[in-house]
Each structure stands twice: as C-alpha cells, then as structure tokens.
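Next up: a single chain in structure tokens, the form predicted alone.
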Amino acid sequence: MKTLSRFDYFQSEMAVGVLPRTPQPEFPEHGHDFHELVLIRSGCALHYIDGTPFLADKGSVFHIGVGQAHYFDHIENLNLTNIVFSPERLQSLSLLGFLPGNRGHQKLRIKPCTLSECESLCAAISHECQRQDACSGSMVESLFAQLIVRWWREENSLLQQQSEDKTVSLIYFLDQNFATEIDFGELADRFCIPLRTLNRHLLNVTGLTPNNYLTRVRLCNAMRMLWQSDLPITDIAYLCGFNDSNYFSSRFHREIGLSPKQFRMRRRVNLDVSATFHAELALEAR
C-alpha cells in the first residue's frame, strides 16, 4: 500500500491545504503521513476506510487519520474536496478535539446550506495558501478553525436530532433504521414531505433514488457484518433489512461484483495475509 507524503501535498510551511477533486479519479488504496478531511460535494461511491465500507454521497464528511488506509470504489460522478493538514504545524492543538469522528462516528452528514458554507471556506483557504504573505498562515488556520467548528456544531445538531432540514433528517433516519421495513409513502407523511418532493430531494442530496439509497446503506452494513462476524449469510440478510436472502445475494453480487460468500472469503484471505506479514516483521525485528 502506498503512503502519501505531506511534502507532495502542502504549499510552503502551511499547516493546511485544499485539494479539489472534480471529479475524483480512480486511485488505489493508500495512507498518508498527514490527516485528511474528505468533503463530498456531489455524486456517490463506496468509501473504504481500513477495510470498512461507508456510503459516500453529497454532504458526507470523513476524517482519515495518519496511517489509516482508504479508497473509493463503485464511483458515480464523485466530486469532492480533500482538506489536508499536519497537526504538528497547527498553532492551536485544541482544534483536534473538535474533528469529525472523535465521537466514534466515522461519517458525518451536513446539511446543504452547511455544505455551501464549507465550500466557501475551502475556497478562502485555497486563496490564502496561494497568497502566502506574512498573514496567510494565520488566516489559513483561522478559516480551518471555522470549518472544524461548523462541522462540530452540525454533528451535535444531528446527534440530538434537531436538524431543521427535513431531507437530511429523513436520510439520518434511514441510516439508523435501515434494518426495519421502510415505506417511503409513510415516511413522506412522517416528515411532512410530499412523496414526489421526497424522491426529488433525496436524489439531489445523495445522487440515488430512495430505494437505491436504502439498498446501498443496507449493503454497506451487510459488508461490515460479513467481515466482522461469523453469522450465517441468511441471518445477515434479514438483520440488514432484506426479507429474501436470495434477493440479497443477487443484489449484493450485482452491486459489489462478488457473492456474499466470495466477499467474506476474500476478506479472510486478506486478513490471513496481513497477519502472516506482521508475524514475519515481528520475527525480523528480534
């Protein structure tokens, strides 16, 4: 696995850098010797972080720490911004306590209005990085602090279920209740959104139709269970909201390119290889 160096991604002595990806190209699994915040502006993909899949769609934010491995798969018109930073260069280390993911959630979702604000802050950071005058470093860190605090406040708002955006509240509900029977007509009534409006807004935010979004969420959770448990595949299908295990296997193969059994076996082979590699390193170190 390749490790990207900060010397290739930071301008001068700046603590923060902004790297737009419009669109995000295919890129193999990799790690960094710096931190990276990934802001999804549009499109969707599966985002693997240390082997665990997450649905990356419009408004998703991820924090990739030093040494973590990640990559995107099943990319569909994915446009994102990478905000890279080196903690050792920051003047205020207290910022690190407000980073997305510090509560144990690998993924944060922000509202469309917040996404627009974050894009403006990223553009301002990029401008200051290019300007590079005596005050640029301070301005960059100030703007970066605003970005982090904005996300921290959003995370608190979502965790308390106080989001004012009905569509984002709906998506948050689907993320938490994917295993239950979902009737989008009933959800439209529950969230006071006309069904046609719900369909249009969900497509605009996630890049997927409501049913396809729900299926992606269920498949992401199924992949985690296949990797992290020895539960029978039929049980995993039902636990992830699929009432028919045959349909689950068929849809899984169509979306992922492997059957659930093949996916689980590949993961175990990879773990065995990794364990052997680390054991050999330990022997060499003696």
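Residues carry their position along the shown sequence, with the first being 1. Note that this is a predicted model, so its numbers are computed, not measured.
As for the form predicted in complex with a small molecule, it is not shown, yet the points below apply to it.
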item: Segment that reaches the small molecule in the predicted bound form - one of 30 to 38, 256 to 264, 220 to 228, 234 to 242, heavy atoms within 4.5 Å; value: 30 to 38
item: Contact at Leu4, Arg21 and Gln24 by the small molecule in the predicted bound form, all three, heavy atom at most 4.5 Å; value: yes
item: His63: touches the small molecule in the predicted bound form, heavy atom cutoff 4.5 angstroms; value: no
item: Arg251: touches the small molecule in the predicted bound form, heavy atom cutoff 4.5 angstroms; value: no
item: 4.5 angstroms heavy atom contact with the small molecule in the predicted bound form for Ser126; value: no
item: is_contact(Asn82, the small molecule) in the predicted bound form, heavy atom dist at most 4.5 Å; value: yes
